[in-house]
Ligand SMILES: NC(=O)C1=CN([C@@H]2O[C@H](COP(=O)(O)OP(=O)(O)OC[C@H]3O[C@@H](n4cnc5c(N)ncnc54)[C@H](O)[C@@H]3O)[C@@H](O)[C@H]2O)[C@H](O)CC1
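Next comes just one chain, in structure tokens: the form predicted on its own.
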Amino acid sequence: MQRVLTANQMREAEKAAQEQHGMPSGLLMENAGRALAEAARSVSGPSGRFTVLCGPGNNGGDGLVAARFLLEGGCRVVVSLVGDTGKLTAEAKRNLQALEGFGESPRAFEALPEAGPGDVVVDALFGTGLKRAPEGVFADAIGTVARWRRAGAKVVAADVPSGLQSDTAEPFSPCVEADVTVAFGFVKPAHELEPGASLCGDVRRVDIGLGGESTRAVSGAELFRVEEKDAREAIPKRRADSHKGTYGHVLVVAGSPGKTGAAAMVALAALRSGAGLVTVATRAEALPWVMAHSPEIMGVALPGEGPLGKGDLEALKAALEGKDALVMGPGIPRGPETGALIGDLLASVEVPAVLDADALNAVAEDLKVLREAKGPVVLTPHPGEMARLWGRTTKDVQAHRVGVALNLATSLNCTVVLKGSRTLIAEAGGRVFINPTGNAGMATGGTGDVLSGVCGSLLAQGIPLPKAAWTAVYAHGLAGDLMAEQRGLMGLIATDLLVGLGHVWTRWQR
């Protein structure tokens, strides 16, 4: 796992490194500036010029150090201090003096030469502490950086592109769009979440001397980026003497006339993710259509007709006997009693449950029904479903994804998988995991059904939460990425992921 720090946590880590581990602040800046210079050199043309734009804060100090290292390397460098130079921090002032010792004095921003192909612009205007939209000369400078980038210059940002909010990944206007962003010490939410991740370009995390021990001093939510190694190692090795009972039995409560494909995709995803057995429970009129998708799917008919309600409780409890995980929601017929049914069912059984789609919409009417659940519960909402669960708008959800997911997980004592670009997995204990896999081709009906099947399958195989959830999300996204390489983004469909999962397991085979 790669730790992700907020702006405040980064300040706490730097303070701990200085006060508890004897790391001078000047050395942290020296290391950051050296790494920034190396990144700038890596994208320059053979005879390109380096334009370094520095603000008055420590981010500007990093830029001044980078300029000095570039000059030491024989590069052509021009530097501009943007804003009130009287507000330079002490470390930035020391590095300005060091730069002037090399015979380079900052120029007025208006007097800088134009930048184009082969040139590199180093953006060191603002760092992680930006709280409001850039104005005045700073806005003008960001606009000029955009013009130079359109003309062919490369832009390398120090820690975060100027104008981007480090904690929310939301850009102010204007905001720099970088080709490379050098993340100092630890990656930040802006590097991992959209739309910030796209504005950062190629994110390169560099060690500046903080050390892993410094994170012990930070407060607040713990954010992590899931790495492929983490997900691969979460999948247990299959024993030679195993059998279908070894790998669990998943009950899928899904489907209705016109939506039988949803149930089939959940079931097939569970099977393609290693479950030993999968049974679909649905109304009798829908069951033959579900089972027709694959002979490996077993089925049980729920008596009655119409929306699921309290009258279905005993049939569902009977269907859950001997099962190791429950997936409920995709395509179910929902009515006024469906939420209460789900609450009663979860309160009477201890198997782990994944709630998706219309199961989420049903419990959104009264979230208290989830608080009596005996077993672990995973909620897998997309932003619209999360808005109904949270009682806000989808726009609000997207603007506060980490906080919203964590709030719901802690308030309901469950695991929340907030789907979307860079899907989040939040646990009640206060940790949030950011998933880096997946692509825009997966924005098509049914991919969420596949995810719930993968998650249910891993739970049935005994992988605990939240590991089962973030492993399922990573594998699901990677399956989409591998299939997009073969079929492109435009034509990707949910059932392609069933093939992609096979590629994932082959890639991870041990």
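From a predicted model like this one, the values you see are computed outputs, not experimental measurements. Position 1 is the first residue in the sequence shown; the rest follow in order.
As for the form predicted together with the named molecule, it is not shown, yet the points below apply to it.
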query = Heavy atoms within 4.5 Å of the named molecule in the model of the complex: which stretch among 377-385, 415-423, 121-129, 70-78?
reply = 121-129
Interface residue in the model of the complex among L326, I208, V290, A409, criterion: non-hydrogen atom within 4.5 angstroms of the named molecule = I208
ask   = Just one of Y247, F224, F109, F138 has a heavy atom within 4.5 Å of the named molecule in the model of the complex. Which one?
value = F138
key: Complete contact of L389, H400 and G477 with the named molecule in the model of the complex (any heavy atom, 4.5 Å)   = no
message = Given that the named molecule is not shown alongside this chain, does N58 nevertheless sit within 4.5 Å of it in the model of the complex, heavy atom to heavy atom?
response = yes
task = Determine whether any heavy atom of M10 comes within 4.5 Å of a heavy atom of the named molecule in the model of the complex, and answer yes or no.
result = yes
inquiry  = Please tell me whether any heavy atom belonging to M298 falls inside 4.5 Å of a heavy atom of the named molecule, as the geometry stands in the model of the complex.
reply    = no
request  = May I ask you to state whether L459 is within 4.5 Å of the named molecule in the model of the complex, using heavy atom distances?
outcome  = no
message = Heavy atom within 4.5 Å of the named molecule in the model of the complex: which residues of 395-414 meet that condition, in order?
response = none
